[in-house]
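Shown below, as structure tokens, is a lone chain in the form predicted alone; questions about how it binds or moves come after it.
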Amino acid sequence: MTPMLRTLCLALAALGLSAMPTLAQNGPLRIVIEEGVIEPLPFAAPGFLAENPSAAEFADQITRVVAADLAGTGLFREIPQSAHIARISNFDAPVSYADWKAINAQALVTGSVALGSDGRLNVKFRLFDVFSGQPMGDGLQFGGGSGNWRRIAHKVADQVYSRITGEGGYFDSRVVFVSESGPKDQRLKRLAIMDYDGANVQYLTDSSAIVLAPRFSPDGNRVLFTSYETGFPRIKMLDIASVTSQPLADLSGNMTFAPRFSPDGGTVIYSVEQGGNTDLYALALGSNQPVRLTNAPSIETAPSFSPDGSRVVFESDRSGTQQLYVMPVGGGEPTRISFGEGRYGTPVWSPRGDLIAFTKQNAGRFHIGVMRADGSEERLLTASFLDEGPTWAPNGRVIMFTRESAGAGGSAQLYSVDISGRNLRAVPTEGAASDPAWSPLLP
């Protein structure tokens, strides 16, 4: 096992896993993930070469975003460019592995950027295993308009991440959230969308009405959310491309909230309040005939589908306290899965299907946690005055959530954490932000 592969086993453990890497004969490395521990893998990302003068600024920016994406996972540690011995002057030149070994780089990312007269960028990159002296897969190139240079950088980083970890990437994705302004007791709220790392913010609604709990469609083109435009909560659906929204359906004037798409995007599950009681309903899009899924004298809310669409996890106080339950997608007797101390809410099924994330309140503290779908192996990842509302990255290895600080001057901020709980990071936003929802990978 090469030193790079040994470090990979440790680095993948930052996800609470371990890895058993194998080397295909005369081929690229394949990483088979099984279980784990942690040590970030040192990598070098010398500045991508500019193939023409007009590409120089883009080359530098793309290099920095690729490196930031990788380092931000907690699995990788960038070796500063000031420590590099070798200098890359030709994308096709042989790699001086000895110079990269000398600074303990175990992975090397090289690239070049060209800007055409039509304003389109062409970005090439290669990834090398320094200690084995081999490329990790073939070189790739991505093209796009110069205005999309950040997306191209994220695509490069996704490829590097996937080749080294064997996991799917998550950098080329977006997050829809509630942007907040004003004093804590009179917050103005509007929907906004941004890149996963906080860049390229676009506002989707104004702040004339309170909006809550946005949720992406599986294709990433639509967003469900709860609006107080009429004075009481009602579900609306927004088309991101046209930035237009409309009520989900004629739901007879009842309060509707906590919506979520089914995995195929054809059905919406949500909560309806009638006569002081809250139950779950499902609505096939294109119809106006909701189907009642629960019928109990308790509050059932925050539903989330399993990735295969066969089951639903939700929160209910039918036992006397707020707990998590799983039931078949068509309704039926639910099974309680949370049994620890405290209250559980806002469950969200991982896109991998292996875990359910949740909010837990216990002993005056709030936590983001994960458990298996049967309630076993519960792990708390965070603790603070108020952590709530988890959402999964497309690869099911990172969770974003809202953290609110205490006191009259406190505000909401977005944070992310990996499923080991070791890599907790604030997500940069302009002002206060809450209720994040992570998109699938962009096409």
Partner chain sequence: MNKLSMILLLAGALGVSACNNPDRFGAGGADGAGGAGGGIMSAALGDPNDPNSPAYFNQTIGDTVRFAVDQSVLTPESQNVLAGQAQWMNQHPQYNAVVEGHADEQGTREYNIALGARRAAAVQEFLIAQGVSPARLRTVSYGKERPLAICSDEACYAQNRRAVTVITVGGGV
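Positions refer to the first chain, counted from 1. Keep in mind the model is a prediction, meaning the values are calculated, not measured.
Not pictured, yet referred to below: the form predicted together with its partner chain.
So, Arg215, Thr346 and Phe366: all three within 4.5 Å of its partner chain in the predicted bound form by heavy atoms, or not? Spot residues vs its partner chain: full contact, yes.
Residue stretch of 300-308, 198-206, 103-111, 78-86 approaching its partner chain in the predicted bound form, non-hydrogen atom distance within 4.5 Å: Of the stretches listed, the one contacting the partner is 300-308.
Any non-hydrogen atom of Asp129 within 4.5 angstroms of its partner chain in the predicted bound form: No.
Examine Leu386 and determine whether its closest non-hydrogen atom to its partner chain in the predicted bound form is within 4.5 angstroms. Result yes; Leu386 sits at the interface with its partner chain in the predicted bound form.
Contact test in the predicted bound form: Glu315 vs its partner chain, heavy atoms, 4.5 Å: Result yes; Glu315 sits at the interface with its partner chain in the predicted bound form.
Is Asp118 near its partner chain? Define near as a heavy atom within 4.5 Å, in the predicted bound form. Residue-level check for Asp118: no, no contact with its partner chain.
Looking at Gly275, Gly332, Gly286, Pro94 here, can you tell me which has any non-hydrogen atom within 4.5 angstroms of its partner chain in the predicted bound form? Comparing distances to its partner chain in the predicted bound form, the residue within 4.5 Å is Gly275.
Would you mind picking the one in Arg234, Lys155, Arg190, Arg174 that has a heavy atom within 4.5 Å of its partner chain in the predicted bound form? Only one listed residue qualifies here, and that residue is Arg234.
Within 184-209, the residues that have a heavy atom no more than 4.5 Å from its partner chain in the predicted bound form: Result: Lys184, Asp185, Gln186, Arg187, Lys189.
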